[in-house]
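Consider the single chain below, provided in structure tokens and representing the form predicted on its own.
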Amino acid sequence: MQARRKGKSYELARPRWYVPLLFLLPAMLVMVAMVAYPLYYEVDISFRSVTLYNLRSGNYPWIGLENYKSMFEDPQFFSTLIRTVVWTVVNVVSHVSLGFMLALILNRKLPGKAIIRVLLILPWAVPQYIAAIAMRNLFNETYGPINLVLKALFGDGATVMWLSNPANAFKAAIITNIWLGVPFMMMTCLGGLQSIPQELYEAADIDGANWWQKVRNVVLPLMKPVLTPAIVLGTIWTFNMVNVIYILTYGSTHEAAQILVSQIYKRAFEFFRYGYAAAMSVVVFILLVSFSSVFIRAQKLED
């Protein structure tokens, strides 16, 4: 490429093909170190026998699909998988519906809206493990405020064995995670609502649309680019939520209240079956990637 100026020619330097790669190289190295290699290592040890006995030696015998075979032959795996699906669906549906409703309320003129918004965001600002410990104390069967209120209102028979009963402990974990997850979805939906032009609402008013028709025909279609990634991220985060489940259901009597990721944690760091836990992690990874791909593709086809 040449450029001429005052009778002189100048040769402009052509960009080298490797220059963009040099700018991308630091990010690529970080991705390889933080994502690609740990994923490869996890898949590799899922085909090996890695236990507490040979962990320090680094000599992990190759056993092929034995870890996967043991996992799929364990009936507890499938019951835990069903429980994990229930946990994820209930939480994500609650997060999206409650968060969207609160966002619709905050998107209107409301006295003290700034204070209300701060109060609603507080659960999101609290670290998860701190919130889980606090909720564990709230659900305590003897001196927890929840049982004390139930007892004061309805008598001694109204108290609930929240933490000693696996089913109730699972319900307590769902309540805690819904409380923690709604603020994020609320703020995401509120950002999407505030990006919708006011002219569209005015046009709907001229056409005589009521509140529900405006939400269904104006708000929801325009919110889809915001809700789709939020639902995918919320599903992945909820599926992998180990803090709330582990803290609220801590104890050997609560195996029936576990989800897959909390069982993976126990298999790895309590039972020291690292290869088996790696195999479970690979299955969880495949499930989440499959769900994300199918959900995003379905949204594109619908558009």
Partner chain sequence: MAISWKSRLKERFEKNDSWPKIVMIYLFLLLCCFITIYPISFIFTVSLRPGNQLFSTSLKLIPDNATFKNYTDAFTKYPMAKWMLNSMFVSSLTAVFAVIISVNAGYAFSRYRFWGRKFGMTLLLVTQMFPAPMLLLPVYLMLVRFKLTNNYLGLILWYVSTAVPFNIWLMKGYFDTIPRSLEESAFIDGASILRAYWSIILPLAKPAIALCALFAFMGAWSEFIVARILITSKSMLTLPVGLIALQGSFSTEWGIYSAAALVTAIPVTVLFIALSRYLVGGLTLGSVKG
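Positions refer to the first chain, counted from 1. Please read these numbers as outputs of a predicted model, since none were measured by experiment.
Below: the form predicted in complex with the partner chain, not depicted.
- Picking from 153-161, 179-187, 166-174, 81-89 the stretch near the partner chain in the predicted complex, with a 4.5 Å limit on heavy atoms, gives 179-187.
- Comment: the partner chain is not present in this chain, but in the predicted complex one of 203, 196, 101, 93 has a heavy atom within 4.5 Å of it, namely 101.
- The partner chain is not shown here, and in the predicted complex it never comes within 4.5 Å of any heavy atom of residue 47.
- Not displayed here, the partner chain is approached by residue 34 to within 4.5 Å at the level of heavy atoms in the predicted complex.
- Under a 4.5 angstroms non-hydrogen atom cutoff, the partner chain in the predicted complex has residue 240 among its neighbouring residues.
- Proximity of residue 110 to the partner chain in the predicted complex falls within the 4.5 Å heavy atom cutoff.
- Residues of 260-297 lying near the partner chain in the predicted complex, listed in sequence order, are 261, 264, 265, 268, 269, 270, 274, 277, 278, 281, 282, 284, 285, 288, 289, 292, the criterion being any heavy atom within 4.5 Å.
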